[in-house]
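First comes one chain, alone, set out as structure tokens in the form predicted alone.
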């Protein structure tokens, strides 16, 4: 019974993803965000079947474990487009550094001047990087790891919903620039959106996501000193 339940939760998640991805590819509307829409479909199915979230957790853990190999798989499009890395190396590092630093400082200052508690401020600063980076940074500076993870998810969801459309409205069509922007600001979800646009965008977004995580960790002591 247990294995059937785990299989069922994985199957409905995969089916929801495939269906929502097909809708996005067909219509291309930003509100048809694959992550948000598929999550809503899974929640609706669990509610209809009267299945508690705890029943979904074992299947979720298996799929979460597979995120590791999937992330490593981002090296494939990056290798195929390594000529872009050689051509724009300095511009890539400087732009990602500027994006990561500005994201940290602006988020922290808004939270600070908004009167939020210190632990919340420390939790929101690393919102622009993937969850493992954000949790460790928040823990080191007396933030709340769970809250930091929530801010990361919210940032990624918002970036994947609006990021590509916003860049288009600004007239930014260069695939390298679009990929770097999406990967720097909205980490894994932004990278997934970039991959939907093309291999160049996806490879640059994956690189930006990794660089942003490393640079955010390096910038954290300076930013936390400013905010304290």
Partner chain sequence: MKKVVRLAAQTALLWGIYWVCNRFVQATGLPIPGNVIGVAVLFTLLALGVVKLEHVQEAADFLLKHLVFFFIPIAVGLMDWGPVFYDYGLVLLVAIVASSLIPFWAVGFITQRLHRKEKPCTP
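Numbering follows the first chain given and starts at 1. The term rigid core refers to the most C-alpha atoms you can superpose between the two forms while keeping them within 1.5 Å. Everything numeric in this text was worked out from a predicted model, so none of it was measured.
The form predicted together with its partner chain is left out here; the points below concern that form.
Interface membership of residue 191, defined by any non-hydrogen atom within 4.5 Å of its partner chain in the predicted complex, is ruled out. Its partner chain in the predicted complex comes within 4.5 Å of a heavy atom belonging to residue 66. Contact annotation: residue 70 falls within 4.5 Å of its partner chain in the predicted complex, judged by heavy atom distances. For residue 195, no non-hydrogen atom is located within 4.5 Å of its partner chain in the predicted complex, even though that partner is not displayed. Contact residues in stretch 116 to 151 (any heavy atom within 4.5 Å of its partner chain, taken in the predicted complex) are 116, 117, 119, 120, 124, 127, 131, 132, 133, 135, 136, 137, 140, 141, 144, 145, 146, 147, 149, 150, 151. Core-superposed comparison between this form and the one not shown: the CA of residue 150 stays below a 2 Å shift. After superposition on the rigid core, displacement of the C-alpha of residue 14 between this form and the one not shown amounts to 2 Å or more.
Here residue 112 does not count as shifted, since its C-alpha moves by less than 2 Å between this form and the one not shown after the core is aligned. Whereas the displayed form keeps them at a certain spacing, the CA atoms of residue 145 and residue 46 lie at least 3 angstroms closer in the predicted complex. Shown here is a form in which the CA atoms of residue 144 and residue 57 lie at least 3 Å farther apart than they do in the predicted complex.
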